[in-house]
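Take a look at this one chain, the form predicted alone, written out in structure tokens.
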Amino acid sequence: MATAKDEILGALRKQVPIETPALPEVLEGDWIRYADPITQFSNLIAAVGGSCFVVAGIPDVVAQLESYSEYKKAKRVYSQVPGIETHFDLNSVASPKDLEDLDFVIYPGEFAVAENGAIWVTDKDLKHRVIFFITQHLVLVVPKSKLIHNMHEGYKRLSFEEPRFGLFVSGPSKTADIEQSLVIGAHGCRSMQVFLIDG
């Protein structure tokens, strides 16, 4: 017997357009550019509650992480950045629910945007994309050469040739719904660190 949910989803599936409309073209223009995009990006990350560090390479990232008391106490760390230790094999985790005690996620960002402090991440080679939202602390590592000026440049870099999950991340989770008081880590990670490395 079909449930109400099955009926609703079935009705939605019938509404798929025959032809998928083309994505809008990214218009060329005199878009904003920064004399010092690293400072612009770092300031915006700080403004939204995160931290940004400009370092030479992965050993410096590891050294900085090991200076955090939360990282030293972490029982469950997942890293997809070569050279940074991971505590477990994510592919062996059957259900996203089994990641509820995830302390740190260290993940490579594909590129970062100085205009708004956003980093583009995808689920390429990633079994459970919930890690971006369920972890207590999110660490993103991006080569300095992949720091761009504005979102127009960012959209040009996105590939929609095949369906894929991706998102722009900027700062830890936050809300000010309750009594207009800002709460960090309300619906997702409690902290976010970004490392811009040489390369």
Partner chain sequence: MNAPIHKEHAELATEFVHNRERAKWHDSSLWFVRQKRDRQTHSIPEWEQLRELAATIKRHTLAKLPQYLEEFERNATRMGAVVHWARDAEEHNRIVLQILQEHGAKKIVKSKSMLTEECHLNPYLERNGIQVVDTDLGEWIVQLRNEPPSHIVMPAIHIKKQEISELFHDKLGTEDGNNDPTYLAGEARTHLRQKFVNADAGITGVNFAIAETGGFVVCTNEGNADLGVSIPDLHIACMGIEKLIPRARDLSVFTRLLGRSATGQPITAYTSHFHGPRPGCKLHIVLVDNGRSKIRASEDFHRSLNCIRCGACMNTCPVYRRSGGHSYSTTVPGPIGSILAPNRDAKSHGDLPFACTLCGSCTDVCPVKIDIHHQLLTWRKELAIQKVVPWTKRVSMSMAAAVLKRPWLYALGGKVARVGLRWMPRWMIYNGLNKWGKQRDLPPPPAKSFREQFRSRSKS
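What you see is a predicted model; the values in this text were computed from it and never measured. Positions refer to the first chain, counted from 1.
Keep in mind that the form predicted in complex with its partner chain is missing from the display, and what follows is about it.
- Comment: 127-135 is the region of 66-74, 127-135, 140-148, 49-57 lying near its partner chain in the model of the complex, near meaning a non-hydrogen atom within 4.5 Å.
- With a 4.5 Å cutoff on heavy atoms, P172 counts as touching its partner chain in the model of the complex.
- Contact annotation for A35: none of its heavy atoms lies within 4.5 Å of its partner chain in the model of the complex.
- Proximity of R157 to its partner chain in the model of the complex: non-hydrogen atoms within 4.5 Å are absent; the residue sits far from the partner.
- Proximity of W120 to its partner chain in the model of the complex: non-hydrogen atoms within 4.5 Å are present.
- Interface residues of 81-96, taken as those with a heavy atom within 4.5 Å of its partner chain in the model of the complex (partner not displayed), are limited to P96.
- One change in the model of the complex concerns E25 and G29, whose Cα atoms lie at least 3 Å closer than in this form.
- Look at G29 and T20: in the model of the complex their Cα atoms come 3 Å or more closer than in this form.
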